[in-house]
Ligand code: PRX
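Single chain ahead, by itself, as structure tokens, in the form predicted alone.
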Amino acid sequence: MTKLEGDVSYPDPAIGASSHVPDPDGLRRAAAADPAGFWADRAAELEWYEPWDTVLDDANAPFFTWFVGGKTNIVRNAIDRHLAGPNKNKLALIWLSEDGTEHRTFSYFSLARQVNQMANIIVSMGVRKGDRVTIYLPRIPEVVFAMLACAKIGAVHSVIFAGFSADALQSRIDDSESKLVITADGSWVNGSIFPLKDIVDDAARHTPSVENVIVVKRTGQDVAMDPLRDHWYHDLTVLPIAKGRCETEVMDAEDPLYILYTSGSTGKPKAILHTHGGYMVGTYTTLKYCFDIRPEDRFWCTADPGWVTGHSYLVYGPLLTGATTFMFEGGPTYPYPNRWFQLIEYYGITAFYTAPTAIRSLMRFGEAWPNRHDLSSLRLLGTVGEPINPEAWHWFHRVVGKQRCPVIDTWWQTETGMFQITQVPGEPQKPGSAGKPFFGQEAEILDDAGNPVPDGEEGFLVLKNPWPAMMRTLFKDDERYVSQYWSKYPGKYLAGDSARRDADGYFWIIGRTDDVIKVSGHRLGTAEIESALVSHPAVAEAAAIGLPHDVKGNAIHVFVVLRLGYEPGEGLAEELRRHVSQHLSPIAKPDWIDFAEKLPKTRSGKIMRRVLKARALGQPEGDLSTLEE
């Protein structure tokens, strides 16, 4: 194996040799030579009602279309095709409640029955192909039923994270013009009830498109029910309308599957539009190859279905590959910091995919909690949502993976639908790097004028090739789709992230381009500054922002969350400044350090630096609907 530069983890060669991709470099070369052929071969592993005529049509770029003329439905491949084979009675979904008292399992056969039932009920509400349905449910099996039921009948689902405010929910329902909302009476969050139905009631007062609301009984609390609009799901399931088989709708490959709202760092939330055919092929292929999915695997993606990671790799991806997907209602530290490790041991989880922010939160409690559990079932680990700092990578690899599980970092976006920069299990891994572009993809680092920058230098990350699971547009906003993603560098997708590539071809994501701080002419990534801080033993989490400075242009202001056992103070602040100066650069030494109990984050775990900047400047904090709490 070629010797690589820097800090490198070399997996056991047997891991790669026995995987779906025993020769990553060879497959990468073949896919680069014929991307359309690569994706056609992957699509042929799935079932189609009618074959496609053209793999990729780029005549109307950037409005690319994939598998043109092909007829399919993602549910045909996520459920229906498994019913005629050995997976029929295999567990498709395992679910556990937050408090551990409720445990539900569904084979592929029983999942199909639940989806048929939900689909029949949705059809009875007057929903037809192309109509939008808003799903505002917690992490319970019904959210999976609802998503798959919508896809099955050709409706377009819009899943809203079950924690948004009434105003945020109302704006998204209005934008999508949903006819139906599916929600619950409430959800359990760290032992307390979050009032989902009350929020829907507040939102629905201002959403004239909503005709019906289906309510799942989750907490059992009393809620108001409008007799003309609201329906208990358990009451509907016993009616004749819910019974019988619901035929899977034949969909064109380019028919819409779902819209998903993403706020970004500023501006009006964008409704990302994905379609049946390409999204199906992309999520299936990336999960199969990058997590080496095997028939016996139990895959746990800790993301919520309200975010794209939950869509692609909690719901659709595992079912498309025929794996068993595990869903847990609760978080990592309630009631104790060993909760996730306890579940990995009990359920025999083989692949565990989570966010760096969760890993760092667990690091705060030390190694004793994970070491109480037998984690030997784990074969692969993965991270998603933000760049992982090397210290967290090594802790995850050593303490959770026992130095035998590759850590598959993944860079992708709501817009991309599937992994774009990542690794496969047998490849050497560089802690902190996202890896290399997925097979068939090419990426570049460009300067502001569009010129490639030398290896090691930072610039704008762009993707050069279209890919099957790419968003097709922004719902009802083609113009914004073109201007935001394709106008700066015509013909290339602007990711909105700053990154660099090293001499070995590995990509390092620095952060959003609006999260790059320019100090005295030097571009400093927030992720780099934060990694330097987190490498200090006192620091659990950190967030860096740039504030205006008369001389330097920007001054560095950081917010720090300490580990247990450390106390804030000026002495520690000065020690941290010296630490950053030593481990990154004197230029990166923070001008101010604020100690905080926690950082403002989105529900997907991304730090909201614009909120921190507004607080530091005493300005309005803007839309907070995407915050974790």
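Take the two forms, superpose them, and find the largest set of C-alpha atoms that agree within 1.5 Å; that set is the rigid core. Don't overthink the numbering: it's just position in the shown sequence, from 1. Since we're looking at a predicted model, the values are computed, not measured.
Keep in mind that the form predicted in complex with this ligand is not shown, yet the notes after this line are about it.
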| query | finding |
| --- | --- |
| Interface stretch in the predicted bound form with this ligand - options 535 to 543, 473 to 481, 83 to 91, 305 to 313, non-hydrogen atom within 4.5 Å | 305 to 313 |
| Single option in Glu427, Glu415, Glu142, Asp515 placed near this ligand in the predicted bound form, where near means a heavy atom within 4.5 Å | Glu415 |
| Of Ile173, Ile509, Met118, Ile153, the one that lies within 4.5 Å of this ligand in the predicted bound form (heavy atoms) | Ile509 |
| Close approach of Pro387 to this ligand in the predicted bound form, 4.5 Å, heavy atom | yes |
| Non-hydrogen atom contact Thr410 with this ligand in the predicted bound form at 4.5 angstroms | yes |
| Contact test in the predicted bound form: Glu530 vs this ligand, heavy atoms, 4.5 Å | no |
| Exercise: Glu458 in contact with this ligand in the predicted bound form, heavy atom 4.5 Å | no |
| C-alpha of Asn554 moved at least 2 Å between this form and the one not shown on rigid core | yes |
| Large Cα shift (2 Å or above) at Ala61 between this form and the one not shown, core-fitted | no |
| Cα separation of Asp502 and Ile587 in the predicted bound form versus here, shift of 3 Å or more | farther |
| Distance trend in the predicted bound form - C-alpha atoms of Asn451 and Ile587, change of 3 Å or more | farther |
